[in-house]
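Consider the single chain below, provided in structure tokens and representing the form predicted alone.
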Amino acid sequence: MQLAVNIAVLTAIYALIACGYVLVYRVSRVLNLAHGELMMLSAYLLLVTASQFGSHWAVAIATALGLSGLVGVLVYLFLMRKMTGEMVLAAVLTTVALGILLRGATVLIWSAQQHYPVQRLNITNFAIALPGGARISLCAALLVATMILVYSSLFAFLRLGRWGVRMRAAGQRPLLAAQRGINLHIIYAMAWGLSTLIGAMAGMLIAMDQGLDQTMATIGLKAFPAALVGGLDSLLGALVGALIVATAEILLIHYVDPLLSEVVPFAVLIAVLVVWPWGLFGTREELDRV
């Protein structure tokens, strides 16, 4: 039972992070390789707001989430917008450079030591007993609940919401969407803001559960194979890919060697892409585009 709980928690982590990769790529056709660093920056922003608002943990978390979404919008407006019409490789390398800069900036500002936002928020991350003798921490349970809420909301938003339909149109036929009066730059900024906001939810809950240091960017990188396994243009694929990668990682850690945790996601990625180069739910058109 405890194995199943661990798989569910890791799936939630990878699914939330992979969702950000897919959302940006699906709408703006950019591989955001700085997503892990943006997630880490959001967790550090929680440290700042927690210090400012003290015991008002709800205000601190809401403020940090708002700032994180704003950071995503600003990254597009002041950086990625300049890459519109440029080579795909130029945009990808720009995100790589952004990730390196963010990682260095967080070390300079907050140092490389481990921080514990949950202590500053005066929240007790108590363990919850489950049937079968399994246990799950409060923040881990919130990760699973947040993943369910985020994916349910996104599926409804993209299918039923006015702006969600516009985002789908911009991602599938950008020229036609622009001709029909859709402002592509607003849509792309929304995608970057939503992606960073969802990543922030994951990053803050991970930091509250496990502590915060520079290794959080590595978690973001490990979630990238989940997005590729499922298909970069599919939210459902991100969810399925996260489940596959998390299951393989937890089982191999438990039955073989814990040291395999760093390589399992990429081993699964190679194994899947050999058979399905476009991912389980991706399309051949997306492979050609990449």
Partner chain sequence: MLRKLAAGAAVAALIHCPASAQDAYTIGLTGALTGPPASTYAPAVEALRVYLERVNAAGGVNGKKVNLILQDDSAEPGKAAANAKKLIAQDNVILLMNASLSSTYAPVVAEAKRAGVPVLFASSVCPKDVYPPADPLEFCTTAFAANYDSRATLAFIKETAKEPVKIGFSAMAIPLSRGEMDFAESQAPGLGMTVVDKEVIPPPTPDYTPFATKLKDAGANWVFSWAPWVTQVRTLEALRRLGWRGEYVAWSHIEAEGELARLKDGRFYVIGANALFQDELPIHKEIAGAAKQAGVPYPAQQMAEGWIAGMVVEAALKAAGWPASAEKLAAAMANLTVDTKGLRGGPIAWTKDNHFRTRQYYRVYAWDEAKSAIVRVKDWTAFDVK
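Because the structure is predicted, anything quoted here is derived from the model rather than measured. Numbering follows the first chain given and starts at 1.
There is also a form predicted together with the partner chain; it is not shown, and the following applies to it.
Note that among 190-198, 216-224, 165-173, 150-158, the stretch whose heavy atoms approach the partner chain to within 4.5 Å in the predicted complex is 216-224.
Contact check for Ser261: a heavy atom falls within 4.5 Å of the partner chain in the predicted complex. Using a 4.5 Å cutoff between non-hydrogen atoms, Asn183 does not count as a contact of the partner chain in the predicted complex.
Contact annotation for Thr146: none of its heavy atoms lies within 4.5 Å of the partner chain in the predicted complex. Proximity of Ile253 to the partner chain in the predicted complex: non-hydrogen atoms within 4.5 Å are present.
Each of Gln119, Ser137 and Leu212 places at least one heavy atom within 4.5 Å of the partner chain in the predicted complex. Residues Ala112, Gln113, Gln114, Tyr116, Gln119, Asn125, Ala127 are the ones in 108-130 with at least one heavy atom within 4.5 Å of the partner chain in the predicted complex, listed in sequence order.
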